[in-house]
Structures are given as structure tokens and as C-alpha cells.
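Have a look below at one chain only, the form predicted on its own, in C-alpha cells format.
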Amino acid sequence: MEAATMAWTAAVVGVGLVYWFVWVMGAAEVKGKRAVDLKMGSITRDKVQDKYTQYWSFFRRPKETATTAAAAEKVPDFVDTFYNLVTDIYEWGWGQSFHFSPSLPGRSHREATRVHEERVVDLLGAKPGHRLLDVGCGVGGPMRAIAGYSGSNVVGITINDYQVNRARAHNRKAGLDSRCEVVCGNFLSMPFPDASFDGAYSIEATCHAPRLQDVYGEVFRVLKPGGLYVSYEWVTTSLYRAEDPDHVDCIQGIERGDALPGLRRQDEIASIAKEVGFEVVKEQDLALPPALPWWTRLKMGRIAYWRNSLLVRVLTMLRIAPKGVCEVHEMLFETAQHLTKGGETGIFTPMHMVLLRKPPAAAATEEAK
């Protein structure tokens, strides 16, 4: 009888743990993704492992991925693959905004994220009736926050078709689908007419471009003369030392695990913006004090990592999640360690902010063309 009771108790505890891991701990936010819904984007189940292997082979040596025109041309396809692999995991563990933000005393990560996104509205001076462009919108977390806070209409572009569908679904749930539009496309060649936006922003997205000049040039083209563009850039700081093996390992780890064809230096951004015609209104590293650390969200304890890893493995064994999810989850965990080290040492920042203006005089130049 005792053995039967113990077995029954163990079974109940086991079911309770599964319920806790999957349904209670499964969603990062009220509207987040649950672990049982990890689909790896639009990749068919039998191709996930192969796609991960192809991705890892391409970004294995980050600095070599964009050294030739042929390699640079492949970057958008592999960025698309990356977001197919990670979008559901990001939503499960992170929410709908795929970016960092400085910590705020006494405020949740979600609240800090919203404040960081609303800063864009204040920098652009966005108002009701304005038409804004979200360059690299992901599943649209920032888009919805910015549209709600400013009253503006926002058009987002992402290269990943799965993210387009996710963003549109979230827009409908939030009641913002009339003011938030999502387009599938490459921000290096955007399907928008010249001078068709009042303002534009990108939040930790243009780091995927092999050449920043190309995406900045496209933003310049679609902005109205006098329009403002704000971007939060991933860059290495002046503390980075290329001769330090630890620094190199850290930065390459960030690049490999985030589909980056090579991080740019902090002191390059303004000159690139000027090169394509922008005026630099303001430049600031939003990660510097008095801002509090942005990497605190990444400091997952070993117990939390074990829990998530175990859950992913169980879901894979049960064929609820496709093969390859474990490898992707492990890659993201390792990347988080590199990002944390980059933040703690100060050699990397994900929020070097540049506020740029398309000169009013550009109107006359465009008319002359």
C-alpha cells in the first residue's frame, strides 16, 4: 500500500511539475509565447536541424561573412533563417520586444522596455497623423508601444515572413491594426516611395546590415526632407581592444549568436550617417551611467537555465518541439553569456543612439533629379 501511495504521489508531483514548467512558466508575458508553441518560424519540422547547421556554418567566423560581395549578398537570407529559428524562443523567454533597455529602479523589465521605446517618440517629436517607419520591426512590440504613445501611424518592415504574421496577430489583439501596418521586405531595398515618411526609427536592427551605409541610405531616401531618424546601434566601444583575445572571443560570440556580419565601432556611426547625407542632431550611448545595467535580464541562474533546457529537451523528446530546438536554445544561452560579459566590461553597447535629420534642402535636390 505504501509503495502504491508513493507511486501515486510521485505521479501527481510529476504532472504538477510538467504543468508548472509548460503552462505556468511557459509564457514570459500575458500575451507571450508558450513553450509548447515553439515552431521555429516557417521552417518545416524536418528541416530545423539542417537550417540551424547551415546558419552556424555561415556565421561560424563572423568577420569573414561580409568580406566579399558574394558573402554579403547571402547575409539577408541567413538573417531570415536566424529569425525563423529564434523568434518563438524570444517571445517565450523575452516577450514581444526583441531589444535591451537600461534597468529602472523599482520597475519591471517590461516597464523599462516600454520607457525605452517611448523615448523614440520624444526624440522624433512624433504626433497624431505622422507616418513613422519601423526599420526592422520584429513581431512589433516597439511599434505598438510607439503607436499607442504617440498617436502616429507606424509601418514596420521585417525580412521574416513569420514575424510579419506574428506582428499582425499582435496588432489585432491590441486593437492597433488600423494604425500599425507590417510589410515583409529587406530594409536594404525597401518597397516604399521616396519621401513617404515623416519620421523613422530602428531599435537594435541595423546591426544585421553588412554595410550600414546601405540601410541608412534607404532610410534617407524614404524620409521627407526635414524628417528625423533615430537608431539604437549595436557597437563596440572605445574600451574594446582587438589585441585582447578575451575581447575578441566576447565580440565574436555576440556576432555568431545574433546573425551579425561584424559589429561596427562606436566612432564610425556618425560619419556613416553624414556620408549618406544626414545631419547628426544628437549622439549618445544610452547604456552609460547614470543608466543602470541593461544586461541584468540576461543573468539567468543555473537553476533557471536547467529548467528551461530540461523543458526544451522534454518537448523535443515528445515531438512537441522539432529537432534542433535544443541546439538553438543552447546557442542563445551561450550568446547571453557573451553579451553579459560585453556589458560588464564595457566593450560593447546595444544602445548607441544617433538622432539624424534629413536636411530640408534635400527637397530641392530631389526635385532637380
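Because the structure is predicted, anything quoted here is derived from the model rather than measured. Heads up: residue numbers just count along the shown sequence, starting at 1.
This next part talks about the form predicted together with a small molecule, which is not shown.
- Taken together, the three residues Y83, Q96 and G185 all lie with some non-hydrogen atom within 4.5 angstroms of the small molecule in the predicted complex.
- Shown alone, this chain has one stretch from 218-226, 203-211, 121-129, 272-280 that lies within 4.5 Å of the small molecule in the predicted complex by heavy atoms: 203-211.
- Comment: the small molecule is not present in this chain, but in the predicted complex one of G253, P76, P293, G262 has a heavy atom within 4.5 Å of it, namely P76.
- Residue I159 is the only one of A287, I159, V230, A147 with a heavy atom lying within 4.5 Å of the small molecule in the predicted complex.
- Although the partner is absent from this view, P142 contacts the small molecule in the predicted complex, with a non-hydrogen atom inside 4.5 angstroms.
- Contact annotation: S101 falls outside 4.5 Å of the small molecule in the predicted complex, judged by heavy atom distances.
- Among residues of the shown chain, G199 is not one whose heavy atoms approach the small molecule to within 4.5 Å in the predicted complex.
- Residue contact with the small molecule in the predicted complex: L133 places no heavy atom within 4.5 Å of it.
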